[in-house]
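Form predicted on its own, single chain, as structure tokens, below.
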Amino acid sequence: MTRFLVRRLGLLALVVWGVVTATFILVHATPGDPARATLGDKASESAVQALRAEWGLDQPLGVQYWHFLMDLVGGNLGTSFQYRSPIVSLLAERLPTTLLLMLMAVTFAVVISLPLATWVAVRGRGGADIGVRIFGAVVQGTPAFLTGTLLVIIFGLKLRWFPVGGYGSTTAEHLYSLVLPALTIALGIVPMLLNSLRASLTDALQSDFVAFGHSKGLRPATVLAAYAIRNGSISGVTILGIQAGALAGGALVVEKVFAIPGMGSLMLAGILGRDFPVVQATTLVFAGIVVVVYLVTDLSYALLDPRARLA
């Protein structure tokens, strides 16, 4: 397990470095001058050049990249051009919100998918299977912005069960306000997760180890939970890991739509304002989140199936 973990950490570190490097190149290749965007069109050229020199943007791109990497190794993410405050403080304010949103989205996706997949697998082919397939196809074919709009109309405007925007000020209000955004992201993951779990649980219920469990005289619920669901959930864990990028991308859009003050809205503001340090830092954090999810997925897979440790 130790060798397995070291190999995975090495590969994922290369992924993070690649993402950070690509982001650095892309933000500097995008047309526009952050100094000019900050000072406005009426600012003098000398003022713009002085601000570029203050931010180090007058140096060659290779020198800027080297300084960026050295600061990153030292734990210095820089200072925001727009907010004029350290990036670390901005991340400390925004990151918990995004992590809570993603955690709630994963929870909703599992809570929706696992019972439906188990129900269909136990009942076999029939009306339940057809209904779940139709449900998955409809949800998968609906864009996220339309899903969020429908949820807002039904549960926010018509029924008035949940707020349609904002984040509140207390923990209870935070959780309450994230229900619709998290459900919007979760519904984008549910179809693939549901189909994978349904197929794997159906195969597990027809396997020899489930028949062996029944032959031991175990209760059907025990066999289902300890034998079928544990083995059938391996594919679901894999799907959740694959969807880590979708979770991060969903947070970008959903936070903007629902006015959630998280990493996604901070990143979009940085992109629109040509705030290089913010874009680079938020991209690094999102890449780190995805890497951690991949690592947890690999470890979970290795625990559920010891043969994966040899890969």
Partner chain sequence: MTQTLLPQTASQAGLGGSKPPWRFRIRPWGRGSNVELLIGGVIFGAMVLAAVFAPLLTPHDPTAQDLANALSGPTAAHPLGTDNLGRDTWSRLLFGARSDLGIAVMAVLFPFVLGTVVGALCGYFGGWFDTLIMRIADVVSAFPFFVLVITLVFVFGNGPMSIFLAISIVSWVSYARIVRAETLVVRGRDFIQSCETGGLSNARIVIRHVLPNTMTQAIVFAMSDVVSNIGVIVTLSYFGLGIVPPTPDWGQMISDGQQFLASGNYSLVLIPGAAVILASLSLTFLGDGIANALRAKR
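Values in this document were obtained by computation on a predicted structure and should not be read as measured data. Residue numbers count along the first chain shown, from 1. In this text, the rigid core denotes the largest set of C-alpha atoms whose superposition between the two forms falls within 1.5 Å.
There is also a form predicted together with its partner chain; it is not shown, and the following applies to it.
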With the partner left out of view, is Val253 within 4.5 angstroms of its partner chain in the predicted complex by any non-hydrogen atom? yes
Taking any heavy atom pair closer than or equal to 4.5 Å as contact, tell me whether Val73 reaches its partner chain in the predicted complex. no
In the predicted complex, is there a heavy atom of its partner chain that lies within 4.5 Å of any heavy atom of Leu268, even though the partner is absent here? yes
Consider Lys158 of the chain shown here, and say whether it contacts its partner chain in the predicted complex, taking contact as heavy atoms within 4.5 Å. yes
Stretch in contact in the predicted complex with its partner chain, which is absent here, among 106 to 114, 141 to 149, 74 to 82, 178 to 186 (heavy atoms within 4.5 Å): 141 to 149
Would all three of Arg7, Val257 and Thr283 be in contact with its partner chain in the predicted complex, where contact means some heavy atom lies within 4.5 Å? yes
Out of 10 to 24, which residues reach within 4.5 Å of its partner chain in the predicted complex, heavy atoms considered? Leu11, Leu12, Leu14, Val15, Gly18, Val19, Ala22, Thr23
Core-aligned C-alpha movement of Leu247 between the shown form and the other one reaching 2 Å: no
Using a superposition on the rigid core, decide whether the Cα position of Pro261 changes by 2 angstroms or more between the shown form and the other one. no
With both forms fit on the core, has Ile271 moved 2 Å or more by CA between the shown form and the other one? yes
